[in-house]
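Presented as structure tokens, the chain that follows is alone, the form predicted on its own.
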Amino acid sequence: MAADFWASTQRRYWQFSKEQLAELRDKLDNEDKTLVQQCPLPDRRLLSHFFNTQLVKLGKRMPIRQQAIATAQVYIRRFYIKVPIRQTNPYIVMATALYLACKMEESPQHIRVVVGEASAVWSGSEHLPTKPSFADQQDVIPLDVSKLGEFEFYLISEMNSQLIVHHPYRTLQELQSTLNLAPDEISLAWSVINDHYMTDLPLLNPPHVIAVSAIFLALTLKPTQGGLQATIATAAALSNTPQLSKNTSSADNRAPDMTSNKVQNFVAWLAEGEVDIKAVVDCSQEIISLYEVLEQYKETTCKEQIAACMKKRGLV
């Protein structure tokens, strides 16, 4: 699973522990504590959701494949552990990340097309902190394509030219026949993978762990199985597994709510394999936590806080 990942720059340079990520972000915040206090921003997951929705809006106008949007989200997350978000125009970062991701995913878009569509999506008073007069209104994305081109080199430099991203989609497709997954289960797992880019999981875990976690959630996030409550109970049962035991009856005893044969077969496969069960549980719980946080999401709040920060920094 994800064989090429193990020798990749993604694994060598862009996989971190939670502690390492926290340290990197604290270092950025400590560079200008006053700015951090003056420019509050939403919860990182809410901000990531905002970025995701904006990239999807932009992607639909060209159109762009989902994998390119996913790569762009990874680029943004990498960039913002190297550069303070409050010192940038996030809209230029999003447009540039998507432009670069399209190149890397072999679906290139002309720079003028990207700038034009980005300007159409993000121009206007709804992205500015106050409603300006016609004379004062400015585009969130500059129409000058040279600025996007310059920022592309900046983005590449901060990522040390390490641009290849390995995604969980491939592993999901490979496991479809192995685990006898139905089309609706594949579709739900695909959606979970899309959603995980709104978390730190792409920087914390290998793609195959994400894919297995998505399958786990797809099998348990069903109305007939109690939705989130069933998933949480199953994850708790898995987390109590002392080791990668091959005794499937033990797994069954620890998860009495797993009435589905398919779920039981998945747990048995997981116990017999070499996938890190603890990592799968951690990923699943992180994604469940994301869904709970997203209930608080308000796009207008994200827009206003980003716009206020940009205005304070003179970026609009």
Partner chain sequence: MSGPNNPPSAAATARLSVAQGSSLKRSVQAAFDESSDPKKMPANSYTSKVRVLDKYKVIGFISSGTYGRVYKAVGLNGQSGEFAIKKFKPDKEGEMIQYTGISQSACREMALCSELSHPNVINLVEIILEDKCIFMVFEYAEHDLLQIIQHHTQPTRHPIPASAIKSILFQLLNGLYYLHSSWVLHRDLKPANIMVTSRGEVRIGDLGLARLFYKPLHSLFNGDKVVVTIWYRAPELLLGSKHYTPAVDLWAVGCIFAELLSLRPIFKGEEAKLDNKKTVPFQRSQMQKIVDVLGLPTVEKWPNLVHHVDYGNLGHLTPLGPRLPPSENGRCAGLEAWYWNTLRTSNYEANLNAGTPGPQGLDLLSKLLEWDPAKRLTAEDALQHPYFSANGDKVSANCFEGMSAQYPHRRVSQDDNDIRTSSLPGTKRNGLPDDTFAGRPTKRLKD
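Positions refer to the first chain, counted from 1. Since the model is a prediction, treat every value here as computed from it, not as a measurement.
Below: the form predicted in complex with the partner chain, not depicted.
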item: Proximity to the partner chain in the predicted bound form (heavy atom, within 4.5 Å), stretch among 181-189, 210-218, 194-202, 105-113; value: 105-113
item: Non-hydrogen atom within 4.5 Å of the partner chain in the predicted bound form for each of Gln296, Ile306 and Lys312; value: no
item: Close approach of Thr301 to the partner chain in the predicted bound form, 4.5 Å, heavy atom; value: no
item: Ser177, heavy atom within 4.5 angstroms of the partner chain in the predicted bound form; value: no
item: Touches the partner chain in the predicted bound form: Trp122 (any heavy atom, 4.5 Å); value: no
item: Close approach of Thr9 to the partner chain in the predicted bound form, 4.5 Å, heavy atom; value: yes
